[in-house]
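Take a look at this single chain in structure tokens; it is the form predicted on its own.
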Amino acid sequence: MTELQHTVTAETRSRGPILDLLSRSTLLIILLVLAIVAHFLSKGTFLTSRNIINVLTQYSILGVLAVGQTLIILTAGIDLSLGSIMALSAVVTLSVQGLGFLPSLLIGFAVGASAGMLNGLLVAIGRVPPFIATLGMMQVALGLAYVISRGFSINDRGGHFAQFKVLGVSSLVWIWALVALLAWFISRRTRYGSYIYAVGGNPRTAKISGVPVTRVLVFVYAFAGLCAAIGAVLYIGRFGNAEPTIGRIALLSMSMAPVVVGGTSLFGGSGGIGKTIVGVLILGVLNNIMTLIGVPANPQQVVQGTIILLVVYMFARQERRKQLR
């Protein structure tokens, strides 16, 4: 076993009782219980195939953003700019739709990936803290979205980006699944995946072990930016337009909440895509339950924020215990 594999294994073994509590099996049990409660409150309509597909479609955009955020958090980083990058990519994509579907799609993807790459360069080479670097990018991307769109909504005139169904399931869900599968494969089945966990677990040890820390950081931020651009396409497909205000809709809490609830540590090195997907579903079902019992939108955000704070508090306690050993 190589020194890098020893490092990753050691980090995995030191996760402690908090991460055991948030194990995949526990998360699945929580999801199952919430689904049963939602089914009961909806008088038998929640666990129908039609409603489940609707929930998956509704949370596909959040799911794609959360996938990108997961890889960054695994490196002990954070990206506050994903919502703004999504807005910028959406506005740019529809601003150049006259060039045709494929060119406008590729340009939108290039904008998202480039913005993410710039974040990665600022963090890895410029040594700017991720919070500061991505906070700046959030403002820049959102400002550019307003400048390009002049503050107005841009419609998908030809309907080229409209969602369609495959085997009765929206294309938005299939795209989310493909993005998640790709991210899972990279993080769990490639050398770069080991690098990502190693950087998040202990960057100094990782660098000594030969991990290309700079390339890893640039890659994860660029990949997250690409996920934001894909989320922009899903938004256009679902709503038929793009506007800069969607950058405010997809705020930090939206992309971070499923990652945290899923049990990926904000301190890096533990967690993964599978847990984030379950986290998305848990939040989806929980919000569905609150809607069924008549909880307004703002109190729903209070509940989400409270859950995030509790989970982060548990991780912080676990991290302090590890440092005292």
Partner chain sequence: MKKIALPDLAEVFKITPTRKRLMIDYMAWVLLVILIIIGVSLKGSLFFSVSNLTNIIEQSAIIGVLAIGQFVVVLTGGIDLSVGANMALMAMVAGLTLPLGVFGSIGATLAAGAIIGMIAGLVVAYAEIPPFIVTFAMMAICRGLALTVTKGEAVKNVNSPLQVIGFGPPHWLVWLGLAGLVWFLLTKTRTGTNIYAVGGNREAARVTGVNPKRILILVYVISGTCGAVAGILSMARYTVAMPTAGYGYEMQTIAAVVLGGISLFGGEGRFTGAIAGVIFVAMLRNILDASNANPFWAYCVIGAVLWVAVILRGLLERIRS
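This is a predicted model, so every value here is computed, not measured. Numbering follows the first chain given and starts at 1.
Separately, the form predicted in complex with its partner chain exists; it is not shown, and the next lines address it.
Enquirer: The chain here is shown without its partner chain. Which stretch in 92-100, 136-144, 218-226, 160-168 comes within 4.5 angstroms of it in the predicted complex, by heavy atom distance?
Expert: Result for this chain: 136-144.
Enquirer: If you check in the predicted complex, is Leu266 within 4.5 Å of its partner chain, heavy atoms only?
Expert: It does: once its partner chain is placed as it appears in the predicted complex, Leu266 has a heavy atom within 4.5 Å of it.
Enquirer: Would you please decide whether Ile125 lies within 4.5 angstroms of its partner chain in the predicted complex, comparing each non-hydrogen atom pair?
Expert: Taking the distances in the predicted complex, the answer for Ile125 is yes, it comes within 4.5 Å of its partner chain.
Enquirer: Ala177 versus its partner chain, in the predicted complex: is there a non-hydrogen atom within 4.5 Å?
Expert: No, Ala177 is distant from the partner.
Enquirer: Does at least one non-hydrogen atom of Ile154 fall within 4.5 angstroms of its partner chain in the predicted complex?
Expert: Residue-level check for Ile154: no, no contact with its partner chain.
Enquirer: Among Leu118, Val233, Ala183, Val173, which has at least one heavy atom within 4.5 Å of its partner chain in the predicted complex?
Expert: By the 4.5 Å criterion, the partner-contacting residue is Leu118.
Enquirer: Residue by residue through 293-311, tell me which have a non-hydrogen atom within 4.5 angstroms of its partner chain in the predicted complex.
Expert: Residues within 4.5 Å: Asn298, Pro299, Gln301, Val302, Gly305, Thr306, Ile308, Leu309.
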